[in-house]
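Okay, so here's just one chain, in structure tokens, the form predicted on its own.
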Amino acid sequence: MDTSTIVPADISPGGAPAGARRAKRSRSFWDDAWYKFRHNWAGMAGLTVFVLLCLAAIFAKQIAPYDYLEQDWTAILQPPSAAHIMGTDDLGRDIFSRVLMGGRTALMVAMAISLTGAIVGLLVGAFSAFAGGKVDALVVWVIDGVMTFPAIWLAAFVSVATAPALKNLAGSLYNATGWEFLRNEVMISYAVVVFAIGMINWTWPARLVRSQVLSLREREFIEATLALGARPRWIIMKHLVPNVLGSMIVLVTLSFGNAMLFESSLSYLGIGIRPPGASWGAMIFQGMSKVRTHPYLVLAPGITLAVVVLALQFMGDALNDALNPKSRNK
């Protein structure tokens, strides 16, 4: 038998082993980022908690053993037991069911606030840095003015000041459209909280994007694109925004936890999510008067909030390590 024409199975026609050929294939930026992220145990733990929170929020009504509004007058202020694993409150409502619905509230509000703030901050920061001159100076003046005030007190002021106007607007829209959800007090309180926190949440993304765009707009590829006659809006959307996307992902992840704390703080102060809506902050406030005799009323929502916010911080730090070019080279 002529063996001169036999080619080993792991040898490519070009003479290089197939495994070596595959090894030479370069990985993309996102492949490297995912590789580094999944080898960060704290980041993966944070991602696991975040995924569990999302699943619990989506399937809260299926997971909850009781209706979160159901009042059992025979089980008032019961400690944790097999029937109520986190106990009951002063109205006989199951705390575990209310914690699940509070998680849905926290996730919905945080998602709305973070995404809205990121989009507004991205567009404002990119436009401000690219425009320069008086436009940039005016935007910086507004950002510095908003960030001068303590965030929680500014959000509380906006919430109190805008709540009557939003209620009147909802009433006018209901008269014009007849949509029943516009008369829902809980939905109106959601809108007030999102608007109040959203008014201050766009400043950090805007400042971050502005600083990065200021350095990017001096690059050769931006100058070449301008010389070819490209419009500023096209350059912002096609070149500048994609280059700051990694930093924005990190900032949105970190702002999730901050948004949850803001929502809980406003609800704790009584100007956030209104009853019968479930909120971790409102649950903590309601349990503070009985914390010495029934500490589980505060511990259940408080520990849940702390664990979720800490997990989101871990996930944000891991994303920063994975997406930040300086840390990725270490």
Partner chain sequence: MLRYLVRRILSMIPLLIVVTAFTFVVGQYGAGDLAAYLAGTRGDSTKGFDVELYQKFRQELGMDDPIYARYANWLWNAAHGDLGRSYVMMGDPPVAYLIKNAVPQSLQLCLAALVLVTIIGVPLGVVAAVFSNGFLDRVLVSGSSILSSIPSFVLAPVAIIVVVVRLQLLPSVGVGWHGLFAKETILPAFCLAMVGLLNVVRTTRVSILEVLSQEYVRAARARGLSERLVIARHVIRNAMLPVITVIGMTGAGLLGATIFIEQIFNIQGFGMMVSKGLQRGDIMTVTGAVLVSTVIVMLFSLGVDLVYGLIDPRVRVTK
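Positions refer to the first chain, counted from 1. This is a predicted model, so every value here is computed, not measured.
One more form of this protein, predicted in complex with the partner chain, exists but is not displayed; see below.
The partner chain in the predicted bound form comes within 4.5 Å of a heavy atom belonging to Ala156. In the predicted bound form, the partner chain stays beyond 4.5 Å of every heavy atom belonging to Pro276. The partner chain in the predicted bound form is not approached by Thr74, whose heavy atoms all lie more than 4.5 angstroms from it. Taking non-hydrogen atoms only, Met199 approaches the partner chain to within 4.5 angstroms in the predicted bound form. With the partner removed from view, the residue among Ala64, Val49, Leu299, Ala57 that has a non-hydrogen atom within 4.5 Å of the partner chain in the predicted bound form turns out to be Leu299.
Between the options Leu208, Ile152, Val250, Ile188, the residue in contact with the partner chain in the predicted bound form by a heavy atom within 4.5 angstroms is Ile152. Considering the partner chain in the predicted bound form, the lone stretch of 160 to 168, 129 to 137, 83 to 91, 103 to 111 in range is 160 to 168 [heavy atom distance within 4.5 Å].
Contacts with the partner chain in the predicted bound form, taken as any heavy atom within 4.5 Å, map within 302 to 320 to Gly302, Leu305, Ala306, Val309, Leu310, Gln313, Phe314, Asp317.
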